[in-house]
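Next up is one chain by itself, shown in structure tokens, the form predicted on its own.
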């Protein structure tokens, strides 16, 4: 998988809510190429992102209300956050090659920096993020792609929160998100926000209504698992696992996330007798882990 950008390349906003760097950058295309989902889904995401960053400023918020927010949702481990990073890289490459913009800013919001146990603090943090921090990033004049993981931690469903511990604080924080999202849409037409969530039912309905696009990233089928297996095995210096073995293993792993599939290969490597890494990985090594996990699940 692609390497993280060096620490020195990341910059932080002055509010402590996000970090950002400039794209395109070498190595980041893997976040897109090595996440295996339906190609049509990727084309849909890329088309939407390009439209937002190139043309959104031409339209009235009343006549064609584009908020510049898309949601990737689905089970954990399906590659939502990685795909969002990859989308930012591909869009940055496209904008650079077309002469639209030589640089694109990519930012990641820390969702855990916003909620607070102090009454009213979550609301203030949310306002600072959406009405100060992100607009200041947009003011730099470049296209901006922002990833917000676990968006449900910011825009929690008010109906679900009504019976919780601090319903008033949650209510105010969610209302601050809704106001902030509307404000951001009006002042930052050069910004695209990609949100992710494992649990869409916990996202406030009004927030869902503001999304331009909601795309489900589901568990891979056998063909997708086979692609992930081959991709993971390509990381190893030598294997003795053929295409037929991969097909059989993929069928046996149906129902697992992409992350889980890659971890099976890791477990097969590190739990062999004497951890004999130079020895090629065999089908027997992988089946041992698959069968072990089957027994645990039963």
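Positions refer to the first chain, counted from 1. None of these values were measured; they are calculated from a predicted model.
This next part talks about the form predicted in complex with a small molecule, which is not shown.
Contact with the small molecule in the model of the complex holds for none of 65, 68 and 210, as no heavy atom of theirs lies within 4.5 Å. From the list 75-83, 96-104, 169-177, 137-145, the contact stretch for the small molecule in the model of the complex under a 4.5 Å heavy atom rule is 75-83.
Only one of 52, 264, 35, 253 lies close to the small molecule in the model of the complex, with a heavy atom inside 4.5 Å, and it is 35.
Only one of 228, 88, 194, 129 lies close to the small molecule in the model of the complex, with a heavy atom inside 4.5 Å, and it is 228. Using a 4.5 Å cutoff between non-hydrogen atoms, residue 259 counts as a contact of the small molecule in the model of the complex.
The small molecule in the model of the complex is approached by residue 31, whose closest heavy atom lies within 4.5 angstroms of it. Taking the partner from the other structure, the small molecule in the model of the complex has a heavy atom within 4.5 Å of a heavy atom of residue 198.
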